[in-house]
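Next up is one chain by itself, shown in structure tokens, the form predicted alone.
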């Protein structure tokens, strides 16, 4: 699968390592090119660097691994190129960092998913990879037992695509519902900052 990854910081670089290891092709973009080029050298021939616009054009899935406050500006350029594509929203709303956008997201019944979905109205937005701290994700680059469960929520046609990427990362996808359930994954929600296996995550959701 071709993945356009926007943001190559701690989360983006960790996801890149997962997916290159699984054989996916990546185009990574970030504000600072030097760290991206160093990461590309580490990742090998399946990964290249480029601009956010190039990542959007390249990816069958476009991943937002950026601060929530950057999403609206990216959408001004990328909303049309990602029309009808899967957008994986790995952002979190932090008012101290993201200002009014985060405050609005936290008040919304759809949470930060609603903010991203409004910015990319024609895309199939799925919320995921935002609930587990990066250090935990990095530790799972080495196989562990039981595998970590990763909650997802969002567009019903987008979730199966992201489920594959979760499995390819060696994790267990758990779709908790559609857009109305994505708020469960935000800071303050019951699934945020929880490193759970599948059984524990489903129990948290009331599924036993």
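Residue numbers count along the first chain shown, from 1. In this text, all values refer to a predicted model and were calculated from it rather than measured experimentally.
The following text describes the form predicted together with a small molecule, which does not appear among the structures shown.
> Please tell me which of 148, 56, 174, 65 lies within 4.5 Å of the small molecule in the predicted complex, judged by heavy atoms.
After the contact test, the surviving option is 65.
> Do residue 129 and the small molecule share at least one heavy atom pair within 4.5 Å in the predicted complex?
Yes, residue 129 is a contact residue.
> Quick check on residue 116: any heavy atom within 4.5 Å of the small molecule in the predicted complex?
Contact check for residue 116: no, nothing within 4.5 Å of the small molecule in the predicted complex.
> Is residue 9 near the small molecule? Define near as a heavy atom within 4.5 Å, in the predicted complex.
Output for residue 9 is yes: heavy atoms within 4.5 Å of the small molecule.
> Spell out, yes or no, whether the shortest heavy atom distance between residue 52 and the small molecule in the predicted complex is within 4.5 Å.
The answer is yes: residue 52 has a heavy atom within 4.5 Å of the small molecule.
> In the predicted complex, which of 42-50, 25-33, 178-186, 160-168 comes within 4.5 Å of the small molecule (heavy atoms)?
Within 4.5 Å of the partner lies stretch 25-33.
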